[in-house]
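First, one chain by itself: the form predicted alone, in structure tokens.
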């Protein structure tokens, strides 16, 4: 028996018995305004939030905000052609528009499953200049604990990500830089009517 086999044998001999996972209690948040708390944390992490009655109102607002025109490249979740494109072709995307499934009030993180990414292109939320997320106003939960309970074991395509705020870093002299590695801004539209 060589040393590797000896070590593995001792590890197996000293392996603890399997125990059931602990049952965690929910963290009561009291009577809080989820929209207000989510908006406050989103602004604290560098994002913007707007309330819109529907997607059309949100689209009209963001068109004006980013001065969108035919010459500006936009990756929209409604564009089914994105699925077939080479991810390298997105290097000049100015605005990415996508949906969010759950928003977490305690830290303004937004859960994005793979199917909500435009064309299921994982690079788009991180390579664009400006990121826009439509989130149903009734999809806010108080804590990450409750978000993970919602996500649970659902099939989300094998990939999902929480996004909170635009890209930022303070690595150099603790000077905060927004948009250092990814989007320079994050704009969230809370959509009153779930039409996403």
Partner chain sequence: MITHAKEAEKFNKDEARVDWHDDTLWFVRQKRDRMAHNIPEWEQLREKASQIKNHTLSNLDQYLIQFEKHALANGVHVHWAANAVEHNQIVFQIIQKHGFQKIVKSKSMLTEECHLNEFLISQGIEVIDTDLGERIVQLRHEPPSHIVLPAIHLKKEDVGETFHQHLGTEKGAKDPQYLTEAARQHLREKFIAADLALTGVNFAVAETGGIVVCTNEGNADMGAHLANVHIACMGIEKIIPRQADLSVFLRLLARSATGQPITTYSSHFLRPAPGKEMHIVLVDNGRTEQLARADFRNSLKCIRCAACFNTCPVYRRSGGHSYHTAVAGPIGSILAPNIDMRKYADLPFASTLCGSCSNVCPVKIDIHDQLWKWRQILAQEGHTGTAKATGMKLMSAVLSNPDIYRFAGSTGRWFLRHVPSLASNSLNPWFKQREMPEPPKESFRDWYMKNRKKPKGE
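Since we're looking at a predicted model, the values are computed, not measured. So that the term is clear: the rigid core is the largest set of C-alpha atoms that superpose within 1.5 Å between two forms. Positions refer to the first chain, counted from 1.
Note that the form predicted together with the partner chain isn't included here; everything after this is about it.
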Would residue 33 count as a contact of the partner chain in the predicted complex, using a 4.5 angstroms cut-off between non-hydrogen atoms? yes
Contact of residue 168 with the partner chain in the predicted complex (heavy atom, 4.5 Å): yes
Residue-level question: is residue 128 within 4.5 Å of the partner chain in the predicted complex, judged on heavy atoms? yes
Does residue 73 make contact with the partner chain in the predicted complex, using a 4.5 Å heavy atom cut-off? no
Contacts with the partner chain in the predicted complex - residues in 100-114 whose heavy atoms fall within 4.5 Å: 106, 107, 109, 111
Answer yes if the CA of residue 13 moves 2 Å or more between the shown form and the other one after aligning the rigid core, and no otherwise. yes
